[in-house]
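There is one chain below, alone, in structure tokens, taken in the form predicted on its own.
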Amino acid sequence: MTDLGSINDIVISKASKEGVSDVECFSLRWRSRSAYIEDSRPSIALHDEESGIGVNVAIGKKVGFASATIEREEDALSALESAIRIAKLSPDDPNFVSFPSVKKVTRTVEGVYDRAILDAASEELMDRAMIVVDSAMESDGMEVPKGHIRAQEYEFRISNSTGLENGHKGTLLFAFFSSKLTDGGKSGEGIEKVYSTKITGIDFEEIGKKISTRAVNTLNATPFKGKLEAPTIIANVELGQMLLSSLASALSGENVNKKRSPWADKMGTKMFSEELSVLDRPLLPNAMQSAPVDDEGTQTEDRALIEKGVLKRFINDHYNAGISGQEAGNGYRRGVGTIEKSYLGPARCSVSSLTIPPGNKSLEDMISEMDKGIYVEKFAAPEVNPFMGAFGLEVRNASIIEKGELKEYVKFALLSGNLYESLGKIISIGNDLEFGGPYMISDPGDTYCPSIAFDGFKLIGQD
């Protein structure tokens, strides 16, 4: 197939002959190898690859988008024709001005392209998956019902009629494993997800040990009774997921422009603890969303969104930046857990790597300083209401802290509270930075944050 840049050029050239005033092409090529485990045994190994294009056109103020899988030049031109038909039927968009203007970007980001992923065959991934299984099953009676490792390489090119032409290539690794331990009428489970730009350095044996330990702890956990309002430490990865499901929405320039953000009129306001800063870091080394350009071809920059508790700025793609007058650079369509199908929609406002700088305390120190508290390692689904900040989350793995030690392992409980309010009641911030991955596997946006201890949460158990 013709290279991605040439495909974009062909579409842009054709668009100019069709009376289109502006056109943007996002073309993507990816290759994927996967290995699946079922019931502790190898199931299937897959190799897949695809190329696709998303075409955005404007005829005056009328805008239309269409996409297509591309195997031949004609497929890309078919997407253009569909986009033109949609634009002609669309109402005027008074806020549309143009697609991003020309700015050639030549810098690179470290740690986002791993040769070892390129060379990893599906059979090699299966071998690594079985390392996880064998490690987990060192515990008597342990099973690994599901396991999956996927390694991807990708390249995208973004071109438009202003003359802009930029792009990026990278690699992604996603792994998911679950464990199960049954004893009599009781059972326990453990789950671990891994997101990375590299396969090098991932300890698959440690993944097996981790899901095994979680299954044992869950099996032996006691149902929590009553209610406990106490300082609460939320583990780094789970906290990152909570932030993505809430802060990423509240900080979206699109939501601000549409008055759907609770912070739309809070710019410059001190809203949170002075210890809290939140950055978006698209240039963060080794991060899944990192790239010198976003998915509209706009140069990316690391930005402080919240600084010492003060709301400093929102995140914007090119379209919403034009409405608000703020800088662009957060127009994304690429998923973090998987790149495939990213060309099916236009770019939208999204964080890249939502980052909280680390504190100076280890997790062990944070626990040791609590006379009575709660430590949550894993939720069933760490989702927070993006407008209110409220949540009531089922706890999968949690412990009660007594006199600085993890004592009682509990289950059948909910942790409730308001994340936005508790960001103003931070007790301490850990130094255990960890990539958290996306909230949904195909969504843009990642987190890189430490564990944090909060006031204001309540653990609710059975009566």
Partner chain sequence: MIQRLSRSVDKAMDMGADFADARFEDRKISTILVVNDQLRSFQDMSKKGVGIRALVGGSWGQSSTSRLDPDSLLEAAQRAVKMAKHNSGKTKKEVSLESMATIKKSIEAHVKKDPEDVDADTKLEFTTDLSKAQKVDDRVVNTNSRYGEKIYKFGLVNSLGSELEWSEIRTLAVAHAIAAEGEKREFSYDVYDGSRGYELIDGIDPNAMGQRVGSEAVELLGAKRPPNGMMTVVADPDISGMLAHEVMGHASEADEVVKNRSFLTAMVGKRVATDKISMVDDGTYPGANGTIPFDSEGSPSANTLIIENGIYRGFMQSLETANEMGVLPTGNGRAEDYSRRIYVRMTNTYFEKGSDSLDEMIEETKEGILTAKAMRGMEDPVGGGFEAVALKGYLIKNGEVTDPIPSFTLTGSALDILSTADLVSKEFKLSGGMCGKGDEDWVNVSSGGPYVRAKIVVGGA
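Being a predicted model, the structure only gives us computed values, none of them experimental. Numbering follows the first chain given and starts at 1.
The next section is about a form of this same protein that is not shown, the form predicted together with the partner chain.
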Original post:
Given that the partner chain is left out here, which of E340, E275, E229, D302 has a heavy atom within 4.5 Å of it in the predicted bound form?
Top reply: E340
Original post:
in the predicted bound form, which of the listed residues (M126, V237, A291, A120) lies with a heavy atom within 4.5 Å of the partner chain?
Top reply: M126
Subject >> Candidate stretches 355-363, 102-110, 161-169, 86-94 - the one whose heavy atoms come within 4.5 Å of the partner chain in the predicted bound form >> reply: 86-94
Original post:
Just to confirm, G437 within 4.5 Å of the partner chain in the predicted bound form by heavy atoms?
Top reply: no
**OP:** Could you confirm whether I10 comes within 4.5 Å of the partner chain in the predicted bound form, counting heavy atoms only?
**Re:** no
Original post:
Can G461 be called a contact residue for the partner chain in the predicted bound form at 4.5 Å between heavy atoms?
Top reply: yes
Original post:
Is there a heavy atom of Y154 lying 4.5 Å or less from a heavy atom of the partner chain in the predicted bound form?
Top reply: no
Original post:
Taking heavy atoms and a 4.5 Å limit, what residues of 51-76 are near the partner chain in the predicted bound form?
Top reply: S51, G64, F65, A66, S67, A68, T69, I70, E71
